[in-house]
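Coming up is one lone chain in structure tokens, specifically the form predicted on its own.
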């Protein structure tokens, strides 16, 4: 019996009882946490075990403490939340977990039945569906940015209005300039004033500087880890690369994520020399797509050589003036602004990692990703690296053409 699917059927049968659903989801997350704590997957490295536990716990903690939680998107500057001891819940992760529970279809159908466009990203539709069914408890604050994802602003405005919760949108200019940095810095200062008012606590600037200091140490480890990827191999599942978004984005600056990268660096140092074929992923990994699971999870024949999303900012942040430093980070993120900035970073990563192939899984609803596909394909051609792009959905499993994907993926891997 598939226990997860059996459990998801129980959840689906009770969708009209939000309190019960909330308890079932919480019970499922608690069970998952203790399961991975007790039954360590011996195929993977210690850092995978540590990060998996952390990710489950962080989602669980945010859901259990809505009075001390803020809903954010993956590019939100969460250093301020960490310094203020506020728990961020990022909607992309929540939706992925709901897909893991096999209830994303019900939540997406709910959102669309309430008037949400079917062309909206399924990460957003899943979250909105959970909100419509009142499964999600009202947070105290919402925070997002204008950068990269064109669904962020309308989704958060919709959620804020529905929940009657204050929202702060950081408008991030495309181009870097002194004026742009000052513009974003002033918004960050205003945003913190809003947080202080809502949560009734003051930001300790020294604590924020400490968060940034830890983030800089963490990023040093990320750069060291990158240098090993061309010669070493870690056997991991695709979820590992996606779990790393917790570490490289939302919770970077926390002591726990510094510890994770210390463990990861030890693991990669002690890993065997690279063998088989390595694949670099652009943007997202389809962790629920069966073909990809079959070929890449814990595989020593085809292994994952990173994703550009985990390396979208690799520089230090100004510790003396963290508001200015974080403003620069937001503007200079390689996913912000012109496509050429993202392409330049991918070229740098490819030159460093030297993968055998590149795959871009074009997540439906993500227009910036799909729009840049052929520019990245041209880059791969110039660099002499095989490139494959596939259309599909990282959350809504109904949108994946499994048969077609298998044919094209197998042909690509055989070519390598």
Partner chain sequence: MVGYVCKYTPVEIIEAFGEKPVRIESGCKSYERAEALLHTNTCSFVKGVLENIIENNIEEVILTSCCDSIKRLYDVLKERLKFIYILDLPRKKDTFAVDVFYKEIIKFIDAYKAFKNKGFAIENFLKILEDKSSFRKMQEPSESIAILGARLKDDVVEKIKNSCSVNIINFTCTGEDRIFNIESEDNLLKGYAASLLNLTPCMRMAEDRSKFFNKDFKGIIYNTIKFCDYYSYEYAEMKSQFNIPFLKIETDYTDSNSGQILTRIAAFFEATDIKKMEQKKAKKGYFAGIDSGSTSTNVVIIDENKNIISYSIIPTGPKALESAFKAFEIALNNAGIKEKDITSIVATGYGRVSIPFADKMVTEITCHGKGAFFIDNRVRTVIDIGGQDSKVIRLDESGNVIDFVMNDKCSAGTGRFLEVMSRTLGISINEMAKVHAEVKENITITSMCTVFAESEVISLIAQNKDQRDIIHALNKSVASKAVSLVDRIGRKGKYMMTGGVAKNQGVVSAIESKLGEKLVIPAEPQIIGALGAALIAFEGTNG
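Numbering follows the first chain given and starts at 1. Fair warning: this is a prediction, and the values are worked out from it, not measured in the lab.
There is another form of the same protein, the form predicted together with its partner chain; it is not shown, and what comes next is about it.
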Three-residue site 203, 251 and 263 fully in contact with its partner chain in the model of the complex at 4.5 Å by heavy atom: no
Partner-proximal stretch of 228-236, 206-214, 292-300, 169-177 relative to its partner chain in the model of the complex, 4.5 angstroms, heavy atom: 169-177
Single option in 163, 187, 333, 278 placed near its partner chain in the model of the complex, where near means a heavy atom within 4.5 Å: 187
Contact residue in the model of the complex, chosen from 270, 223, 344, 113 - any heavy atom within 4.5 Å of its partner chain: 113
Residue 54, heavy atom within 4.5 angstroms of its partner chain in the model of the complex: no
Distance check, residue 65 to its partner chain in the model of the complex, heavy atom within 4.5 Å: no
Distance check, residue 58 to its partner chain in the model of the complex, heavy atom within 4.5 Å: no
Partner proximity in the model of the complex: residue 33 to its partner chain, non-hydrogen atom cutoff 4.5 Å: no
Those residues of 367-395 which, in the model of the complex, come within 4.5 Å of its partner chain by heavy atom: 367, 368, 370, 371, 372, 373, 374, 375, 389, 391
